[in-house]
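Quick heads-up: it's one chain on its own, the form predicted alone, in structure tokens.
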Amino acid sequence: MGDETCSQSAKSDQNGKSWLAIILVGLIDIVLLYGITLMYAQGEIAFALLTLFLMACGSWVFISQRGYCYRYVFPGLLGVFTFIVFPLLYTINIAFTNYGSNNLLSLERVREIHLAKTYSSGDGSWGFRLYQEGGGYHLVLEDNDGNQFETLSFGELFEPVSIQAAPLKPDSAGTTGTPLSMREIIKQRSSLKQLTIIMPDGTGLVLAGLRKFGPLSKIYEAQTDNPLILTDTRTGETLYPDMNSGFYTDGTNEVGPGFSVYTGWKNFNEIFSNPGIQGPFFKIFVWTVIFSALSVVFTLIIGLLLACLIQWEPLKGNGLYRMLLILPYAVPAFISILIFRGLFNQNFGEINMLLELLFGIAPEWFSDETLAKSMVLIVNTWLGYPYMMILAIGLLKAIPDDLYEASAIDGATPWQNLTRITIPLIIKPLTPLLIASFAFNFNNLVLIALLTGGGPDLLGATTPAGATDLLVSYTFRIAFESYGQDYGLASAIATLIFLIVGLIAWLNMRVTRRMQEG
């Protein structure tokens, strides 16, 4: 029935416009197909397939009459799939691999790199002279038989370059340019190291000393019966790809670079079985839950009390107080965090200066685990209470004044008003927001990254882990810090975070539904 209605409305709107729509969609598809071809040629197969899938869906929606009704929601669905669903699936896929800074490439690319490795065999040598002509340089090489060869001109080099050399005829007037002294040659040594000189017979020469070039030889050659297995031309040893470790190995040593392979549940097993990861992970998980819960509790208490204070009629200048108390919410969070980082500085911070002046103490906020966690909670409470205060002000205004007037007649105290009237009436609409605040603090990367960097470090951890790290900052440090950028392990932890946050969202929906039904 819905499809029939959709088709009817589509027919009424698309008369006379269908051909124009088909032409426009066709032109867009041609451009996209060109981009897909480029992505596929560069090995970006996942992105090519994603673009192809979205292109097919978009073409169906904007051309087919049955898809007419979906064109209004397609842009939103396109954004959700591109920026949420696809990254999530991509992250889960990486969680089952050893993808990292040591295993970035594919097996085919690593094989190509090994086959391209060369060394100077020393089976002969060519003396050389370096000439400068204008802003460029060229070489004249001479073999043991006195034959001379001249290279093409080159400038200052910062990356490997191959240049051709041609015979210098004996009856020619000789090469042009100014010959450089040994001192000048030494200055150009870095550029000469980047050169590979291709001789007329195809031999490659590289710099083999201060005064000579030597021939290049391949380090590895592929076996004919199994091209993936390589043979070392110097020693005769074989290298074969180890699909467990993701490296070429001779049976004893691993030879980099590595390649990415699927490792199954290895990363997840590491989280729950490796003591160097398991211990820090569970400590950080418990602290993440405590931090998120206490942040919600503290910001709610302070925000609610300040909202009640601002709503108090005898208080003069309520508007000014409201503006001042909302200021922490108006200032960008990263600025406030960096200011607090300076205030809590153990040596020069104003907070320690004041404490030392009054009580003779100078707490080590960034070195002591308990103090560091307390500092994080203090700063996060300061950043979060204005939001709770704004919510509470709006909810308090919805409470009828008659209830407070009746309680005043009965002689109720302010505490009784708060516990018997205010909190019971605002807790229902506030609960979903509190759960959302918990989920936000669960992933509060900016606070930890800018304030403590996760420190102080946890002892015995084989990954970068700190006492104030949340799961999200712990994942970030594993992925991008000195541990080796283990994207596979970081993706496994990110997958667990997604499941936890997804569970929180599910609980949020259930609580909201129950409250609406109640």
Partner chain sequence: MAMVQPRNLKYRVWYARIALWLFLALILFPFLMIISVSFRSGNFATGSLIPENPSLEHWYLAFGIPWENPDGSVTEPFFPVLLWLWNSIKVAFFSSILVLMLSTTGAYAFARLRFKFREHMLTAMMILQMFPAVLALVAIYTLFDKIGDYIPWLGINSLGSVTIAYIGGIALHIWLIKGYFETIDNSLEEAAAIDGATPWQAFRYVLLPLSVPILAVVFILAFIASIGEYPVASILLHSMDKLTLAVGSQQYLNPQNYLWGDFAAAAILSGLPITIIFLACQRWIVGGLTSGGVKG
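Between two forms, the rigid core is defined as the largest C-alpha subset superposing within 1.5 Å. Because the structure is a prediction, the values reported are computed rather than measured. Numbering follows the first chain given and starts at 1.
We do not show the form predicted together with the partner chain, though everything after this point is about it.
Original post:
Which residue, Lys212, Arg129, Arg322, Lys373, has a heavy atom that falls within 4.5 Å of the partner chain in the predicted bound form?
Top reply: Checked against the cut-off, the match is Arg322.
**OP:** May I ask you to choose, among Ala222, Ile423, Val446, Ala362, the residue with a heavy atom within 4.5 Å of the partner chain in the predicted bound form?
**Re:** Flagged contact: Val446.
Original post:
Counting only non-hydrogen atoms, which stretch in 176-184, 252-260, 146-154, 94-102 is within 4.5 Å of the partner chain in the predicted bound form?
Top reply: Heavy atoms within 4.5 Å of the partner chain in the predicted bound form occur in 94-102.
Original post:
Taking heavy atoms only, is Val25 within 4.5 angstroms of the partner chain in the predicted bound form?
Top reply: Result no; Val25 lies far from the partner chain in the predicted bound form.
Original post:
Does the partner chain get within 4.5 angstroms of any non-hydrogen atom of Ile409 in the predicted bound form?
Top reply: Close contact exists here: in the predicted bound form, Ile409 approaches the partner chain to within 4.5 Å, heavy atoms only.
Original post:
Heavy atom to heavy atom, is Ile30 within 4.5 Å of the partner chain in the predicted bound form?
Top reply: Ile30 lies outside the contact set for the partner chain.
Original post:
Does Gln42 reach the partner chain in the predicted bound form if we count a contact as any heavy atom within 4.5 Å?
Top reply: Output for Gln42 is yes: heavy atoms within 4.5 Å of the partner chain.
Original post:
Quick one: which residues from 382-402 get a non-hydrogen atom within 4.5 Å of the partner chain in the predicted bound form?
Top reply: In sequence order, Trp382, Tyr385, Tyr387, Ile390, Leu391, Asp401 come within 4.5 Å of the partner.
**OP:** Inspect the rigid-core superposition and answer whether the C-alpha of Val61 shifts by 2 angstroms or more between this form and the one not shown.
**Re:** Yes: Val61 shifts by at least 2 Å between this form and the one not shown.
**OP:** Verify the C-alpha shift of Gly460 between this form and the one not shown: is it 2 Å or more after superposing the core?
**Re:** After core superposition, the C-alpha of Gly460 moves less than 2 Å between this form and the one not shown.
**OP:** Answer yes if the Cα of Leu49 shifts by 2 angstroms or more between this form and the one not shown on a rigid-core superposition, and no otherwise.
**Re:** No; Leu49 is a residue whose C-alpha shifts by less than 2 Å between this form and the one not shown when the cores are overlaid.
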